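Only one chain is given next, in structure tokens, and it is the form predicted alone.
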């Protein structure tokens, strides 16, 4: 293992890594695999969204994965879509190539994580070998991996490509402030299809205000492990309500910055595809 990371066992038996420079782990110590399943796949309602798409003839659910990390969130997405008849088309943004080399090198426990993480490791290996030039097979779907600054990677995606779900999972605003900036959150919001959801572990007022300023509805994410709540966002869906006092603070924060919260659906669904 690289000296840049230290392996840590989490409460559900799955392991994560702690970064040597700033000490943050890639996952919650309450359970890395639990966080991937509950904070991201479940909170974005991936399975339900797939079952909504299937009758319309849509054969793939498009996921934007900000912060590939060890690939656990992608594994949770594969698990959620199992037996729905809808494939996963994932676009994953990651800065650290060396991390992905490590992530694909070792099997993961427990067994249910390994079942879904194995195809992710295989896809990451193929994507690294192709230098991110094209999408690669991911189980019965596809993975597009973009390495480097996520801001540039997002801007460089095909015009008109919209996503059914967004996993916003970079390091904290203290460590990666650029990926929580209002400009980046607005760029993410522009990539969200009608009926989509975004989930993140952060419940910071400024993050929520940035999502509101981007024109998204913002709601309270469920408790996962020791984290009391996260944040959900959508262009048009009803979400679990935030505390009224929190809403007042958010309105004041957005208004003070010169923005104004907007609510409601975006028109149209010019869904692009993974080439």
Ligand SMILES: C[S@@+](CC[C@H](N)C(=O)[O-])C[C@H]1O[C@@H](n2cnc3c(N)ncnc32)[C@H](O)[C@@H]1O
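Positions refer to the first chain, counted from 1. Quantities reported herein were computed from a predicted structural model and do not represent experimental measurements.
There is another form of the same protein, the form predicted together with the ligand; it is not shown, and what comes next is about it.
At 4.5 Å between heavy atoms, only one of the stretches 155-163, 132-140, 70-78, 192-200 reaches the ligand in the model of the complex; which one is it? Contact criterion met by 70-78 only.
Given that the ligand is not shown alongside this chain, does residue 89 nevertheless sit within 4.5 Å of it in the model of the complex, heavy atom to heavy atom? Output for residue 89 is no: heavy atoms all beyond 4.5 Å of the ligand.
Test of understanding: in the model of the complex, would residue 27 fall inside 4.5 Å of the ligand by heavy atoms? Yes, residue 27 sits close enough to the ligand in the model of the complex that at least one of its heavy atoms falls within 4.5 Å.
I'd like to know whether residue 95 contacts the ligand in the model of the complex, with contact meaning heavy atoms within 4.5 angstroms. Contact check for residue 95: yes, within 4.5 Å of the ligand in the model of the complex.
In the model of the complex, does residue 150 come within 4.5 Å of the ligand, counting heavy atoms only? Heavy-atom contact with the ligand at 4.5 Å: present for residue 150.
Do all of 206, 209 and 239 end up near the ligand in the model of the complex, with near meaning a heavy atom within 4.5 Å? Answer is no for this spot.
Sole residue of 113, 188, 179, 123 within 4.5 Å of the ligand in the model of the complex, by heavy atom: It is 179 that has a heavy atom within 4.5 Å of the partner.
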